[in-house]
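We've got the same protein chain twice here, in two forms, each standing alone as structure tokens: structure 1 and structure 2.
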Structure 1
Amino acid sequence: MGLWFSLFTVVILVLFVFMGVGVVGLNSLFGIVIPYAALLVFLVGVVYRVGKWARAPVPFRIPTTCGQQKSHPWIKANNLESPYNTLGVIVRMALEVLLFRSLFRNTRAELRDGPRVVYGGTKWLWLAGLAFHWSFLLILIRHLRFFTEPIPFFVNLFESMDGLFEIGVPTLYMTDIIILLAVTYLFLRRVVIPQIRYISLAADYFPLFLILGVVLSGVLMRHFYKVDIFKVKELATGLFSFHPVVTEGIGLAFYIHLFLVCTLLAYFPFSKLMHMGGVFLSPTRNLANNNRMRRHVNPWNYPVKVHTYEEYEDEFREKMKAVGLPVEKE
């Protein structure tokens, strides 16, 4: 149900642009008003979500670890798996953010004959996730050429590396192929594997269809449905400088691509895609595991009267001695 609802929603979004631009001619609405509105929703939504997470109290250290914690000098600690200082946390976070290290680990459990539980990795999921995110980042960097003048040197550098093989005219970028394959795999994984299909909701399918629509519209616009690149850059630089100008003749394919991007941008803060910011605020990741080195007291605990062992023994010493229980003081 969630799959077809998500697919139907994306199709409706495309038809909405087709009617608004191709039939009614609302170029200014789809070229200026909606992009600014989507950017505003994105910024306000991200700030709100991050601020809400930042205000959440974390009275205890709850880091996720899978290695030996630092304790006695003669016990070898694993500062990467169980960091005890800020440097170790930074390194572990960097490996998680840049290389998705947790996906490379034993994240699959199966019940085999015996019965016995067998743990394994999900290396294809790790590879697809890594390929998707890095390709998406490189595509965003390439798109900076539409918003800047002069074009930064690193944009041309990444673009030349991306089109290294110079396949076709215009050049077919490697990231376009990789991101299409990665998104397709992530979608098929949710459809083919019964356990994942059972727990998948519309909130899981919709971002995949939306991103796939953005990528496909971009590829089709570049290689099949030609648009006026100079007018596209004029609109993009105008939006970036807050002096937008919509010119005629850009092409319907561009507005479909732009509207899907705006939809993704506005949807981002309210979706699971916010894990991009949430990973930095996760107490299971961003806290050092120094529970054996320091005593952490919950600052919100109200003061209570405690009954120490010494006081307990003073109260029941004679009765303890009568039944043969050891006491510290005679």
Structure 2
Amino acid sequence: MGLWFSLFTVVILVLFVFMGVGVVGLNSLFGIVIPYAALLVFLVGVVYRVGKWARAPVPFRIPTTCGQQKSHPWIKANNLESPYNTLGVIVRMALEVLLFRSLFRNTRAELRDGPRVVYGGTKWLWLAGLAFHWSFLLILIRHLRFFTEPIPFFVNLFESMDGLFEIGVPTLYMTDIIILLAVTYLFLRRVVIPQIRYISLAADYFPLFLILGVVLSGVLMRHFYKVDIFKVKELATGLFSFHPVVTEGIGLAFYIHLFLVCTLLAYFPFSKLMHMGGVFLSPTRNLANNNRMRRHVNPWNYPVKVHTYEEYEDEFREKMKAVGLPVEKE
């Protein structure tokens, strides 16, 4: 259900461009208005949602750890698995954000013959996820050659690394192949594994199809349905310097690519894709496990009037002495 709905939606989006640009010729709508609107929705939406999350109080540390926490000096503490200071948190967060460490730790329980539970690591999701995200980042960086003038030096660096094998002309990029394989795996995994298929919704399939559409349209545009990249850059730099120009004759493949990207951007703040910001705000990852070292006061506690022992003793010292009770201060 969710699968077909998502696929159908992406096909409709593509047909929409065929109609809008190919038949009606609304180049300025698809080339200028929609990209600006999508970028605005993306930026405002992401900032709004992160701000909303940030306002939710997190009064206590949630130590979901799997390492020895800091206690006595003669017990070896594991500052990576159970960080007790900011440095440990930064390392744990970096490993999480850059290398998806908690996905790497993913295990699967399986019943073998004779009711025997077997646990094993499953690394495929981690591998495909990592390949997908890093390829996506490199592809984004590569795209800077269309967005900037003069082109920053690192763009060429990544580009030549990406096209290292120099297969064909224009050079086949490794990231293009990797991201196609990774997205295909991430999709097939949802369809083939019954448990995952059962919990998969349209919200899971739609981003996958959308990204697959973006990648496919990009690859087709580079290698098969040629577009005028000279004019593409003119349009892109025009957009990014707020002097948009309507350019004719770029090619339909480009508008399909652009429109799917715009859809992705506009859809982003409303979807599970917000894990981009959310990963930084995971309380189980970004808080040091120092519950025993520091007192964390609940910020919304009602101000309770307390009567400490020191004050008690001050009040009753004479009487305590008179009945022979020990006092701390004479």
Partner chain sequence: MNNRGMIIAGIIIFLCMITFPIWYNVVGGKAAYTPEFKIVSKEKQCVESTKYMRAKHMQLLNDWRNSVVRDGKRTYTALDGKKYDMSLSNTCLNCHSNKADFCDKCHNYVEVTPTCWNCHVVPEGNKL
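Quick caveat: nothing in here was measured; it's all calculated off a predicted structure. The term rigid core refers to the maximal set of C-alpha atoms that superpose within 1.5 Å between the two forms. All residue numbers here follow the sequence of structure 1, with the first residue given the number 1.
Peer 1: The same chain appears twice here, once per structure, so which copy is the form predicted on its own?
Peer 2: Number 1 is right.
Peer 1: Would you say V24 moves its Cα by 2 Å or more between structure 1 and structure 2, aligning on the core?
Peer 2: Shift of 2 Å or more: no.
Peer 1: Any chance the CA of V304 moves 2 angstroms or more between structure 1 and structure 2, core superposed?
Peer 2: Moves: yes, 2 Å or greater.
Peer 1: When the rigid core is used for the superposition, does A322 move between structure 1 and structure 2 (threshold: C-alpha shift of 2 Å or more)?
Peer 2: Passes the 2 Å threshold, so yes.
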